[in-house]
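Single chain ahead, written as structure tokens, the form predicted on its own.
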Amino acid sequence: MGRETAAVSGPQLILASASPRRFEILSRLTASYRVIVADVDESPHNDERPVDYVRRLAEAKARTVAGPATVVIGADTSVVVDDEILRKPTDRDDAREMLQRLRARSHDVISGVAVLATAADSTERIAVGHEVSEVHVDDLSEARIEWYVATGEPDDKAGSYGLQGSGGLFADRVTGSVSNVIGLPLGLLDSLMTELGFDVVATEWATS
């Protein structure tokens, strides 16, 4: 009689994010992941470059929720105009001002991504990278800005617009990764996973 071998699964895959856009993007690749919201201070440091900022936050988010036998994805996305980071609007007046600033010009969207693999013995390996895409916004009329702000879509979006929603009406010209603008650059994620020896699609992730 042959000897039975128990099925061996890999580590647990965790997305350290509260963003429904990132849930949606990662779900295109695998359903075998857990979401844990990372509570980190997102205040930029003095004179911190946007690239350094998103990479630092991505790593901080991953480390906040990491544990033994896990692979954690941390990410942060910022809209950058004139080297200034535009975060989520504080209110609709703030959203209106951001859109006025972005109209009739191009800006950068920068995402930092960190993949932190922690073994059962708590040893760690980490890969961190960033992606930059350029987005052009049309010359929006005040009426169009008022309409968009009234939809409520800008309320929880960095830079006050969402490419995957109604914002795609006026911000659909992208140079670079579209998934980056939405919040999780898939090409970069795949590269970082590969660097650590994982395939987000093919790895048999633990389910608990």
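Everything numeric in this text was worked out from a predicted model, so none of it was measured. We number the residues from 1 along the sequence you see.
Form predicted together with a further copy of the same chain: not shown, discussed below.
- Proximity of residue 173 to a further copy of the same chain in the model of the complex falls within the 4.5 Å heavy atom cutoff.
- For residue 169, a non-hydrogen atom is located within 4.5 Å of a further copy of the same chain in the model of the complex, even though that partner is not displayed.
- For residue 163, a non-hydrogen atom is located within 4.5 Å of a further copy of the same chain in the model of the complex, even though that partner is not displayed.
- Although the partner is absent from this view, residue 49 stays clear of a further copy of the same chain in the model of the complex, with no non-hydrogen atom inside 4.5 angstroms.
- Here the chain stands by itself, but in the model of the complex one stretch of 66-74, 37-45, 51-59, 174-182, 174-182, has heavy atoms within 4.5 Å of a further copy of the same chain.
- Remark: none of the three candidate residues (21, 108 and 158) comes within 4.5 Å of a further copy of the same chain in the model of the complex, counting heavy atoms only.
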